[in-house]
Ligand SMILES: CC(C)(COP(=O)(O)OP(=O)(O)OC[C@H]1O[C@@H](n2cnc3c(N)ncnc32)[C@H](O)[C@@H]1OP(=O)(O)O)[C@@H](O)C(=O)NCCC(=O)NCCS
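A lone chain, given as structure tokens: the form predicted on its own.
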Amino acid sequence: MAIPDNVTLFTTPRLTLRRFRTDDLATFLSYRSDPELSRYQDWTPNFSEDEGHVFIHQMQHADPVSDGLQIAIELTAQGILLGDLYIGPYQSRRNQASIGYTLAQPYQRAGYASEAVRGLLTYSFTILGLHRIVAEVDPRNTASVVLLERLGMRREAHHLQAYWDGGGWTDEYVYAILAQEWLRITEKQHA
């Protein structure tokens, strides 16, 4: 089944979380080519234009729970692509997913990452009906650590030399939150 090119998955006060469109290619390649953004990621900053086309096509047809899905983060009022979110299966465990996020440098430190991840958590628990969300983060990425903790995610593990970051083995924190915990947090915020 073909999925339309403009599917909105979720909106927040300032952002639209949506599937990638073909016209996102240049912006996607630009921010994904920034070596500073890939510093704490498991991808390298050398996407070719052809690889970008293939990636966008795959994301237009991917299922977030079974395949894994990169979600475009768009600044709604201006229609600007700011970065992307990831949601995908977590270790083949039922009703659990792993998340990640990348925000282009010009849009960092403006609350967009928190708003986007908050939207992704709400989407994951209320629309997809997931039970548990996990985020794995390099401990040196203090901005991500602070973001996850501020959102109410709990650090469950510190894995020593758990993944190869392209230059050597590095540690990894594992954060998680349950659906009922997230719903309790959001209820308090709206009370």
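Predicted, not measured: the structure shown is a model, and the values here were computed from it. Throughout, we count residues from 1 along the sequence that is shown.
There is also a form predicted in complex with the ligand; it is not shown, and the following applies to it.
> At 4.5 Å between heavy atoms, only one of the stretches 132-140, 63-71, 154-162, 45-53 reaches the ligand in the predicted bound form; which one is it?
This holds for exactly one stretch, 132-140.
> Closest heavy atom of residue 76 to the ligand in the predicted bound form, within 4.5 Å or not?
So residue 76 does not count as contacting the ligand.
> Is residue 14 close to the ligand in the predicted bound form, meaning a heavy atom pair under 4.5 Å apart or at it?
Contact check for residue 14: yes, within 4.5 Å of the ligand in the predicted bound form.
> With the partner left out of view, is residue 144 within 4.5 angstroms of the ligand in the predicted bound form by any non-hydrogen atom?
So residue 144 counts as contacting the ligand.
> In the predicted bound form, does residue 97 come within 4.5 Å of the ligand, counting heavy atoms only?
Outside the cut-off, so no.
> Let me know the one among 33, 41, 58, 122 whose heavy atoms come within 4.5 Å of the ligand in the predicted bound form, would you?
Only one listed residue qualifies here, and that residue is 41.
> Would you give me the residues of 52-81 that have any heavy atom within 4.5 Å of the ligand in the predicted bound form, in order from first to last?
Result: empty, none.
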